[in-house]
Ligand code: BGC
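Coming up is one lone chain in structure tokens, specifically the form predicted alone.
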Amino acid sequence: MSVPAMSTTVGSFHLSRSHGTPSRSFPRVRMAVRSGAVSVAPILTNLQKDCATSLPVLSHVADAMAADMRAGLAADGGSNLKMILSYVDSLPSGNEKGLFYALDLGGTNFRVLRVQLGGKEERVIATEFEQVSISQELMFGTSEQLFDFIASGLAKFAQKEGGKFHLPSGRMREIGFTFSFPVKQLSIDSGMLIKWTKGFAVSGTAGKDVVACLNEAMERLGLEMRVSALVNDTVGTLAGARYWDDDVMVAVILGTGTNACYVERNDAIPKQTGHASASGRTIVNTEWGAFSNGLPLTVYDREMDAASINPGEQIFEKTISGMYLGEIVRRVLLKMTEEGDLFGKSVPVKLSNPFILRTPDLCAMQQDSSADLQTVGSILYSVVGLESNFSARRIVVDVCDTIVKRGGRLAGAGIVGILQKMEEDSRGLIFGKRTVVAMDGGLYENYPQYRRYLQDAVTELLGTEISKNVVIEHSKDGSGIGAALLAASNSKYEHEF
């Protein structure tokens, strides 16, 4: 498989292409010609059948998620879910004060943020952030190259500090480092990279402490900063949302990739040894992208997985997250074009390019309410070189809807699985009161059909009455400020809390 086109990120899900009316002034696209076309109807019917997410399917997925969580908590390697302990034992209280930084590395961009905290009365006094793109060369480069690039961006951002941002004399700037890849957490401020995901394949980092990698890069630049908290983006999202709402118990990221974390009782973690928590609870990072039990998969999913840089891994992520939805649709359309009569006898060469069709393209096509589906036709022409009639455009929208519906509903089932596990252990303390699931990520934020399918699945699985107590709430950019809050609560300096 060629490297994915990485424009859909955890924090940024936007339509960067301009889709106008197809014009004959466009350069002619290269075509392959085939004959012996058949109707595409059976292909669509089989796709819808294979992607079906009936209530029994969703129930099985939710139950399997809960079971895999328990197995992962019992022992490392007990299930596909790593169930990583975060060492975050206390969540933000609102008393935090001072200037803190956050660095968020979660996809094809990294973000730097600073926040001035004013305690209970003033809360967040001011925030500033910048976002920097990471090139494909860096994503496939060396560990030193990547972390030097990140440290350089952090240094440039710190130089612009001023205005409402004030660091007391004698203090070093402290960072909450949001690192959204599987890590074996060693303490609140150290963690060993297990493996890269989301299309990254950086050499020389696996098995190393990523905080040490960043600290060494900052030292090479002479930048006086220290990491006081290493957190996953979902952990940061949970902390950031909890700062404003005490009922937040779960956080889910749905963007380029996907993950979920939740607040767990220490006595429900058999594998936890030698770590005492005063609160009796800790945040567990599920790494649920690796889940695979009972998912309704198609031949297109299996072919995409086989061609990926991590075959057999991250199957849930490849089914529900923003990086992959567009690619699954592209593979379906390619088959319909090669074997069926969807677009006539010609097969555009561009349609064979992996990841050329992105999830934001699907979103734009599903928003098209024009009588002739003009936006759909424009995207098909400008992105993959397909000329289409109204009938073909309708089928394309049906394919998009089938893949997106499956993704959203499976994500909802995963959320219910987490809530079920928590409810079984807490004997009524989850479903019997208001419980908030904090959501972040561009896919969830910007794709209304996906959001609706997710919510529908949660309501179907829990029933109308219980689902009224489960609030699924968007927490935009919560992971950044959450990391800064956790840097504050784990500062080496004394606070006026």
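What you are looking at is a predicted structure, and each value in this text was computed from that prediction instead of being measured. Residue positions are given as counts along the sequence shown, with the first one as 1.
Not pictured, yet referred to below: the form predicted in complex with the ligand.
- Shown alone here, T197 lies within 4.5 Å of the ligand in the predicted complex, counting heavy atoms only.
- Using a 4.5 Å cutoff between non-hydrogen atoms, E317 counts as a contact of the ligand in the predicted complex.
- Mapping the unseen interface onto this chain, G257 counts among the residues with a heavy atom inside 4.5 Å of the ligand in the predicted complex.
- A residue is said to contact a partner when one of its heavy atoms sits within 4.5 Å of a partner heavy atom; P182 meets this definition for the ligand in the predicted complex.
- Proximity to the ligand in the predicted complex, taken as a non-hydrogen atom within 4.5 angstroms, holds for one residue of E287, D361, E96, E327, which is E287.
- Contact with the ligand in the predicted complex, judged as any non-hydrogen atom within 4.5 angstroms, is confined among 138-146, 121-129, 309-317, 237-245 to 309-317.
- In the predicted complex, I253 is the single residue of 239-256 with at least one heavy atom within 4.5 Å of the ligand.
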